[in-house]
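The chain below stands alone, shown as structure tokens; this is the form predicted on its own.
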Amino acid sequence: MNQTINLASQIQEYLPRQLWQAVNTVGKKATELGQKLYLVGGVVRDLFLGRPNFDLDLAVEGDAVQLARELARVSQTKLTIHPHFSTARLDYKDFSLDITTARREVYPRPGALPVIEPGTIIDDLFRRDFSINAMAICLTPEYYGELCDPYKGKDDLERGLIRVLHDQSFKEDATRILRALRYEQRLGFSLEPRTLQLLQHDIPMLDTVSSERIRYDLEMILKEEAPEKILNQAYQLGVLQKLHPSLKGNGWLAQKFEQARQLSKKVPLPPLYFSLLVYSLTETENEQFLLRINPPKKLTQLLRDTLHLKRHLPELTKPALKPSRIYHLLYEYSPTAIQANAIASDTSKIRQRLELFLYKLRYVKPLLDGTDLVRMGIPPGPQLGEILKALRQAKLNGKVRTRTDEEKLVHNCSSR
């Protein structure tokens, strides 16, 4: 325990009042049970940096499940227990607390999930990825606020360094390579020289990690404020190419990511970023990348749509293209795939027509629907579908404007 640094007052200033009170309550209950409680992980790092982070992780030298059950009993909070991992989650009205039994980890082989057993707070911190994430603050009343920093994380914060705790770190879990670059760029830090050397040497170890874990860390990168900086660094170091040799984190990608952020806040950025990331790939290369990251069905379809549409973009350059034809070419694609192509295309006419569909044509609908047509005497079946299609085309091309116009068109179509 570092006796020279006490952060009690900083904790009180940093945390919202209700969260601070809840943390103190958990610390007191842990003491009653003969256990020691610590605030661990990213929140300790961000407290020093003055960055808001109220996603709190607590580690207890003792039994997290027992502690959480006692707290739930007296406070009537919602309790979720994962006994296999000795973890519990307490859901309060406005926030949640995750409590974990302090543990040590042993990796049976590179890339495998670790074997876990109970341990001390020092053991628990040693299993962390980087020194800046391997600090803890004691919440037990007797030692409340004292910093536990066995791996000099505070010093590395002050020096702006990302440093692994030992030489086998990237071999044990190669996703730490992606996380190292994420923290480096997010915080404006540098990789400590030995850590950089180890990272470059262990890039091949990414092959030992499952597709799902690679995809998770890639998704976390794309949720960052400026993911292009991380991808550029990954490209420069040869990390990105390990996910697929044709992926690029260059200036083009940075420019397109910036354009994506200029769009409405209603546009979800990570899927759009994913589409732009694969835009330089061929459809065959994209299938190889999909095998590497094994995304869910919706994301898989989005990336396929993006590149399939890219191949058909020349059709949008034809002169005097009617709005109905633009609609017909695009309506089966997801809006995100269309938006990605609008951002990525260097042809102004293509961009204009993609944006015309996105912001206008896809919302165009006739005033009459199938129920109206049945009421007008059109029997359900293929003819009704064809008339609805003709109505939409006429509406898109400005040939009908009012309900009366549409009714006339229906009568004309049905009498043929």
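As the structure is a computational prediction, the values presented were derived from the model and not from experiment. The first residue of the shown sequence is 1; numbering continues from there.
The same protein also exists as the form predicted together with cytidine-5'-triphosphate; that form is not shown, yet it is the one meant from here on.
Remark: of stretches 40-48, 343-351, 358-366, 62-70, the one touching cytidine-5'-triphosphate in the predicted bound form is 40-48 (heavy atom within 4.5 Å). Although the partner is absent from this view, Arg127 contacts cytidine-5'-triphosphate in the predicted bound form, with a non-hydrogen atom inside 4.5 angstroms. Heavy atoms of Arg163 never reach within 4.5 Å of cytidine-5'-triphosphate in the predicted bound form, leaving it off the interface. The closest heavy atom approach of Arg186 to cytidine-5'-triphosphate in the predicted bound form falls within 4.5 Å.
The shortest heavy atom separation between Asp372 and cytidine-5'-triphosphate in the predicted bound form exceeds 4.5 Å. Note on the partner interface in the predicted bound form: the residue among Gln301, Thr87, Ser280, Asn133 having a heavy atom within 4.5 angstroms of cytidine-5'-triphosphate is Asn133. Between cytidine-5'-triphosphate and the residues Asp202, Asp156, Glu146, Asp173, the one pair within 4.5 Å by heavy atoms in the predicted bound form involves Asp173.
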